[in-house]
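Given next, in structure tokens, is a single chain: the form predicted on its own.
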Amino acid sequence: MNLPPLVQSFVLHFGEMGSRWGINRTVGQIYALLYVSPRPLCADDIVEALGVSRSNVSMGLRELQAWNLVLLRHIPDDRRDHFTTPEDVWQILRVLAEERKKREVDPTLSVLRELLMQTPTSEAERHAQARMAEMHGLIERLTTWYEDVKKLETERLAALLALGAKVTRLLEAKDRVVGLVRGRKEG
């Protein structure tokens, strides 16, 4: 690799993590390089920086485009395509969440719905269907929560994440208030 040590460490790490995220090493490295690059890069720049084949870079860029994780940029007086990532890390998070939902969660919900519509013919199928219903309910709740959260402005989302476990104290306080109100109505 033809990169400064700090950048190289980041790119190598993303390559290693890529395999754990379901993408190949080169795709992870390409994304990391584009993310930290101060300017959009063309495929030749990526080939030179990473020391990988042009075909690997082309395939990796196509995969990243399919995930909506890279942006195509045109540079004046340069006929080559250049690529970059969104500047806003929150936008990247939103794109990743939406793409994973479309590719993983939505198909699972569809299959679960189909299976729950079937009439079980044995005790084993009734048990399996009951467990699937639990899973379907949980995924539906998470999907509804996700739909609400994705509408939040970045500042609100950041504040929500900063709350962390403090949210439980807020819910406990709400429960105490509800208990007090009920106690007054009953008394």
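Definition used throughout: the rigid core is the maximal C-alpha set that superposes within 1.5 Å between two forms. Counting begins at 1, following the sequence as shown. Note that this is a predicted model, so its numbers are computed, not measured.
Separately, the form predicted in complex with another copy of the chain exists; it is not shown, and the next lines address it.
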{"query": "Interface membership of residue 54, another copy of the chain in the predicted complex, 4.5 Å heavy atom rule", "finding": "no"}
{"query": "Residue 125: touches another copy of the chain in the predicted complex, heavy atom cutoff 4.5 angstroms", "finding": "yes"}
{"query": "Contact of residue 180 with another copy of the chain in the predicted complex (heavy atom, 4.5 Å)", "finding": "no"}
{"query": "Non-hydrogen atom contact residue 74 with another copy of the chain in the predicted complex at 4.5 angstroms", "finding": "no"}
{"query": "Stretch 11-37: residues contacting another copy of the chain in the predicted complex, 4.5 Å heavy atom cut-off", "finding": "13, 14, 17, 20, 21, 35, 36, 37"}
{"query": "C-alpha of residue 24 moved at least 2 Å between the shown form and the other one on rigid core", "finding": "no"}
